[in-house]
Structures are given as structure tokens and as C-alpha cells.
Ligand SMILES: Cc1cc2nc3c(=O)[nH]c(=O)nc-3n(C[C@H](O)[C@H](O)[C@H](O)COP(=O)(O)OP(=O)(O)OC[C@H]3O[C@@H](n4cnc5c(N)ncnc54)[C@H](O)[C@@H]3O)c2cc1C
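Next comes just one chain, in C-alpha cells: the form predicted on its own.
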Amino acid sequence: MPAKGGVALTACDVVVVGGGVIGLVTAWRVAQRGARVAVVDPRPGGGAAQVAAGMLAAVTELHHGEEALLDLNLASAARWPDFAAELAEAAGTGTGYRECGTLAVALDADDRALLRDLHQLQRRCGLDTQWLTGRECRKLEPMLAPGIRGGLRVDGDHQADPRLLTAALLTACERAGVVFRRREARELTLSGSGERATGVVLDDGTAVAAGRTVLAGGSRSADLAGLPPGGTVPVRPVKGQILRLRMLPELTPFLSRTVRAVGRGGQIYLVPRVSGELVVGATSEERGWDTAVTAGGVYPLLRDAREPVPGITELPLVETRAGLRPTTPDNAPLLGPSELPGLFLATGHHRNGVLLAPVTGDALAASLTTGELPDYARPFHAHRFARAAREVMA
């Protein structure tokens, strides 16, 4: 239904609201199945991916209480090698995918106890991780501080470069025939009876009609006007600040794999790229829509990264950024058909958007084709919180 005074575009099969990693991978996969797809975003390829570190950390991102998410993370991690190769062939450019592994280290006795506890959780979940002494850690990574007390070697947790990934997805989408509408989506349109989503209205009044609408707007997924009562999207922004440094040729190799540690303010990670970039992150702040880079964010990152890897103080600091993670109440994504027919969700990926890109694209393509989520994605169906709310009220 076009907006009053608007101009309806030629109807497409699927309109995807949001041109970040999740929106782009969904559009690409659906277009590969022959659908006519449009992506609505004023700056496709922007968003959280421009800030993210790109860790593919299905194992080291395991937290108590999030065991249900582990299977989805592992399934997506297993898809990454073929996904990266297919996307590179489709786009003619790489994704920065690198099989380097991860080393999580302990700086003191308390850190060591926390890592030991995490190791036990990983073993209970059937994961293959190896406990190392401090000496063994330093043998793997000579730039580590002499006081490292031990660590966990995780050979299956790798990395990709989110900026290269989004650039490749943009090209792959264009080559697959995806149409880009570089405007803001203002409002969801509904059928005359209000019982079905029929597309979106853009900020210039133009209506984009579609048989199916995918809401993949990251942290702003809940902002789209026109969602019916009970159809709200429980996604909030969680701020993360991140640093980029340049590793010096005379210190090469500075780090050969991702290094993680527990700092005073929480987890710290250092992600070395083949390009010579070293990504250090990240804070986790409940600050609403604030994306300012602050001294209170940058200082703890440098301080806490310096403890396991003292040599970072010699590296040039080339960029500081802040972004917003789209986060649900259980830190897991919202996938597939919503309770409103015609409206699908692909949002709420929190800290795992890059990791979950392959499995999300596959799940949404299947869901948009059949109306049903594959078995591996069903625990993360898009209307699980709406059902829970009704059960509480009953």
C-alpha cells in the first residue's frame, strides 16, 4: 500500500530493511534463489560492521547461561571457510578470513581461576580446547608479558575483516541483481485489513511494495514505525568502543593469533590482521544511542591491553571508533517469520554478527522460501519474546 502522495515502485519479492552485514547476506542469499530483492539503507555497508573486530569466536565467546547459542555459533563457524570462498568468487574480493586460532590468557591467580572455570564449561559442552602453562603461551606468542599465568588455546576460533566482508557482500549483491534504495525506511506498510506486512515507505514518501519484508536494521530495528501492537522488536543498543593500531615491520610478527585476556573492566582482545592492523577492543556500555569516543573508553582499553602485551605502547594509534551492538534480552538473534504475516526478522546478533553471517543468510533464505525456519535456527525464532510475554500475562 503506497503512502499518501507517494510513488509505488515496481513490486519486489523481498525488501530488506538494513544494509549491514546481516541485511546484505540475507539479500544475497535470497537473490541467489531467484527472488527480486531490494535493500533499503541510506549507507549500505555501514553500521556496526565498520567498528567490529571480526572475531569468529564460537568457543571463546561461550558464556555461562548462553549454552543454547553455542550450537548456532558452531554451525556458522563451520560454514565460514566455504562461505568466504564462495563470496570471494562472487565478488572478486576477499573477506579477510584467516584461520589463525585464539589464545585466551590469564594475568594473575584470579584470571587463572576464571579461565579454568571457562575451560571446564567448554569441556562439558564437548569443545576441543587446550590448557597451556604461562611458558607454553609465551612460546606461542613471544610478545606476551613474562607474568602470564596460563591460557587456553582454541585452534578453531578464527577471524574475518568486517570492512572487507561488507564490501564483498555489496558487490555480490549488486552482481546478483539486488536493487539498493539509499534512503531511510520510515514506516512499515500493511494490507488493507492490517493483517499482513506489504513493504515499507521511505523517508521521501516513496513506497516499496514487497511480498515479504525483512527487518535487519541492527540496533535500530525497533525504530520502524507501523509495527502493530505486540509486534515490537526487543532489540536495544549496547555501545562498544574499539581501537586500531598499526604493527611495526621491525616487530613482525607482533602477534600471530587473536589474544584475549580479562582486564579490570572486562574482556580485552587483540586481533592482528595480515594487513598490519591490530584491533583492540572492546567496551560494553549501556549508553543508549551514544556513539561518542571517550577518554574513559580508550584509556581502559590501552591499559588492559598493555598488561598481556606490553609492546602495544610502541605502536601508532591510527583510529578510535564506537558502535552499537544490537542486543536482545537473551543476547541471541531474532530469526525468521514474526507473528505478523509477511514480516521477517534478522536482527539482535549482539557481539556475534560477523560470526553468524553465514548461518543467518542460509536460515533467512530458507525461511523466506518455505515460511519455516530450519531446525538449527528454531530456538531463535523471531517471536519467542512475544510468546513469553503472553504466558506471563496469562
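Note that this is a predicted model, so its numbers are computed, not measured. Heads up: residue numbers just count along the shown sequence, starting at 1.
Keep in mind that the form predicted in complex with the named molecule is missing from the display, and what follows is about it.
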May I ask whether Gly18, Arg43 and Gly54 each come within 4.5 Å of the named molecule in the predicted bound form, counting any non-hydrogen atom? yes
Just to confirm the contact call: exactly one of 329 to 337, 64 to 72, 365 to 373, 342 to 350 touches the named molecule in the predicted bound form at a 4.5 Å heavy atom cutoff, so which is it? 342 to 350
With the partner left out of view, is Gly240 within 4.5 angstroms of the named molecule in the predicted bound form by any non-hydrogen atom? yes
Would you please decide whether Ala31 lies within 4.5 angstroms of the named molecule in the predicted bound form, comparing each non-hydrogen atom pair? no
Looking at the partner-bound form in the predicted bound form, is Glu184 within 4.5 Å of the named molecule by any heavy atom? yes
Proximity of Ala38 to the named molecule in the predicted bound form, heavy atoms at 4.5 Å: no
So which of Arg163, Arg112, Arg220, His119 gets a non-hydrogen atom within 4.5 Å of the named molecule in the predicted bound form? Arg220
Can you list, in sequence order, the residues from 316 to 339 that come within 4.5 Å of the named molecule in the predicted bound form, counting heavy atoms only? Gly323, Leu324, Arg325, Pro326
